[in-house]
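Listed next as structure tokens is one chain, alone, in the form predicted alone.
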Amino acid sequence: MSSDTADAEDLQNADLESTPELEQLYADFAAHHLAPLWTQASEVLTFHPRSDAVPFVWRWDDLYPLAARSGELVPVGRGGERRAIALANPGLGGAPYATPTIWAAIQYLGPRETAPEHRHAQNAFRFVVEGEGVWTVVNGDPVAMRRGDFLLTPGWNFHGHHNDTDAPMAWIDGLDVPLSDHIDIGFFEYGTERVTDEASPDISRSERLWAYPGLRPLSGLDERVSSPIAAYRWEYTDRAVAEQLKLEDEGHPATVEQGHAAIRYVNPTTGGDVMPTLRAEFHRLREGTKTQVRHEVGSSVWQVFDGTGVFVIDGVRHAMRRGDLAVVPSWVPWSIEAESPFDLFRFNDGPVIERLGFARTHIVDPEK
């Protein structure tokens, strides 16, 4: 018997002798919609986080063809709203959630298609692993989507998408839908039948105001709960992680681990996370780099942007390549091994975990 099992049985008073009086007590509890702690302590007083979600990997080579088939068969329009296919974690009983707090999906827009605008209370973002030609229009501001870009649609902002090309495009959506479902804050509203502005400028209005490193307009000095930057462009992300590795080569301690550069996308009005419920990061590992084994409170989804490597999640090795997605549930140990230069996008529920005071990380000592 494992120590965890023994501890759980201790919590549940496993040796409590059954008597007619005790059974009647339990029946009376049930009749009055009551539940005694001592019969279920192992479910509510766990010695470490035990997520119902399980580690899982979705392959881009499976996801994209399925999304393309849906593009042939399922129109975009009112009712379904988006041709988005959610990652359904096998441990969550069929719910369309990647983790108990994160919704993730591949969204597919066909040639010359328009996804009508709507808005919802949930916060959302998009990350583009390949392709271009779609503009997402947020409150009337058209924002170009290109490979490597990270794009925001904070809660209760009208948004739609239009494809200006003769080729389809797919990307990854991330939302806090499961969290909003658990705490009952969801609102939804239709917008116009078509995207408000189907222009396709090279640069959005929000970027013209906000996307200058270290600078912010004096017209926007108030703090905003979500970042006002609609798109974090790949050229800046690429340069930021490349310079960290160059500084490491020059003898300056610029990386989080040797050979491992990483950045966090931030809200320029607060210096904090881009949205109150979702955190986003980008990681670059040199070929041959192996990260430390970590346990973290809170769940994460990773997508490979480029290169090949191995995710070791709860002791199981998963070979990963461009577009593949992996989910790491709360407190499940994980590490990464880069077989080539390895670029990774990560998003998680870190802002919620930290704000509530539940954040905890344990790095495994390889000598123990």
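Don't overthink the numbering: it's just position in the shown sequence, from 1. Given the structure is predicted, the values throughout are model-derived calculations rather than measurements.
Not on display, but discussed next: the form predicted together with another copy of the chain.
Chemist: With the partner absent here, would Asp62, Val74 and Arg82 each sit within 4.5 Å of another copy of the chain in the model of the complex, counting heavy atoms only?
Modeler: So, yes: the whole triplet contacts another copy of the chain.
Chemist: If contact means any heavy atom within 4.5 Å, which of 126-134, 278-286, 161-169, 109-117 contacts another copy of the chain in the model of the complex?
Modeler: Selected stretch: 278-286.
Chemist: Indicate whether another copy of the chain has at least one heavy atom within 4.5 Å of a heavy atom of Ser300 in the model of the complex.
Modeler: Looking in the model of the complex, residue contacts with another copy of the chain do not include Ser300, since no heavy atom lies within 4.5 Å.
Chemist: Answer for Glu339 alone: is it within 4.5 Å of another copy of the chain in the model of the complex, judged on heavy atom distances?
Modeler: Close contact is absent here: in the model of the complex, Glu339 is far from another copy of the chain, nothing within 4.5 Å, heavy atoms only.
Chemist: Answer for Pro268 alone: is it within 4.5 Å of another copy of the chain in the model of the complex, judged on heavy atom distances?
Modeler: Although another copy of the chain is absent here, Pro268 would touch it in the model of the complex, with heavy atoms inside 4.5 Å.
Chemist: Would Ala144 count as a contact of another copy of the chain in the model of the complex, using a 4.5 angstroms cut-off between non-hydrogen atoms?
Modeler: No, Ala144 stays farther than 4.5 Å from another copy of the chain in the model of the complex.
Chemist: Pull the contact list for 147-186: residues with a heavy atom within 4.5 Å of another copy of the chain in the model of the complex, in sequence order.
Modeler: Contacting residues: Trp156, Asp176, Val177, Pro178, Leu179, Asp181, His182, Ile183, Asp184, Ile185, Gly186.
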